[in-house]
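In the block that follows, a single chain appears as structure tokens, in the form predicted alone.
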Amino acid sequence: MAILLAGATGTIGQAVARELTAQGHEVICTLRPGATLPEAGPRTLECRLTEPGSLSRALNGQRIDAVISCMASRSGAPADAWAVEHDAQINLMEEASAAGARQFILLSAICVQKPRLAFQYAKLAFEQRLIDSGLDFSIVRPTAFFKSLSGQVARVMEGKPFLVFGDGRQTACKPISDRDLARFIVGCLTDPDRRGRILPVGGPGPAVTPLDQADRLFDMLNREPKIRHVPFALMDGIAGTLGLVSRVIPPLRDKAEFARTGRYYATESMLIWDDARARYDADATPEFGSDTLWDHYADLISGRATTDLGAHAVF
């Protein structure tokens, strides 16, 4: 099939492009002006998906069969989140549909099940637009990415302590690798059981806590654990102070949202939320693939892999 891929410059998008190519699909990637793909191969279309009509002009009459969108806001700031997670996605959906696409696969996030942040509300708003569009859709909500749990590997290797919030056991996740997630996403093209559904997905279990990550990392390095516990009150204070100050100094609003985002991920698990029992349920969180976080840590320690942390480099 001719697949239009948005968000191809991100790590998940790159993995999806590789998987599509390996399966013999024609891959057409949308790129912002001046952006390039890290790997040669797929065709590219230069356009600004935040501008209505830009994709249609770039396609110039070419027909496509399906869309896979791995687009995401870079900053998570409210204005950027709504521009990318919502408005640009709508432009992509409508203009791709006009070009013949009848299937739309969206990479979303499991955290939207308990929304508190601007980017989560923007994602949810587009999810509903997609559901109501009449297109054949699959909404993929992964748990945690390996990249988001790799920010402390280098600091621990340098002899610094591993930082955990609270006792390190309050949150848990089933992280999934880029490769396994790409296989799952591309599989939505042909698996009828994944169509018309919201699909939470994690990697192979069991669920891991931050303290589990710390213990395993020190064990792999053959070092005595050195763990520093950061009180939740510290994050509450930072987020609360920035929130108050931003009412007087509007340019600080984005920093306040970033602080709230950090607070969210420090206190909420990336697992299925059981609303009836008001708790996260690791057993109910679907698993897929075979790559484990410990495999990834081993590759980072040995130098076989590197991780461009980007916005994930919180520590």
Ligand SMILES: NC(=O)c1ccc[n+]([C@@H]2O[C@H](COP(=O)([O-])OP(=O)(O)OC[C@H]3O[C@@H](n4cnc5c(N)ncnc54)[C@H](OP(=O)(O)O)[C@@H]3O)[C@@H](O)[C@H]2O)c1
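Residue positions are given as counts along the sequence shown, with the first one as 1. Computed from a predicted model, the values in this text were never measured in an experiment.
Omitted here: the form predicted together with the ligand. The next part is about that form.
A heavy atom within 4.5 Å of the ligand in the model of the complex is found for one listed residue only; from 194, 86, 183, 147, this is 147.
Between the ligand and the residues 223, 179, 74, 229, the one pair within 4.5 Å by heavy atoms in the model of the complex involves 74. Residues placing heavy atoms within 4.5 Å of the ligand in the model of the complex fall in a single listed stretch, namely 106 to 114, out of 106 to 114, 160 to 168, 240 to 248, 186 to 194.
With a 4.5 Å cutoff on heavy atoms, residue 138 does not count as touching the ligand in the model of the complex; it lies far away.
Although the partner is absent here, residue 142 is a contact residue: one of its heavy atoms lies within 4.5 angstroms of the ligand in the model of the complex. None of the heavy atoms of residue 267 is located within 4.5 Å of the ligand in the model of the complex. Proximity of residue 292 to the ligand in the model of the complex falls outside the 4.5 Å heavy atom cutoff.
For the marked spot (12, 119 and 123), a heavy atom within 4.5 Å of the ligand in the model of the complex is present in each of the three residues.
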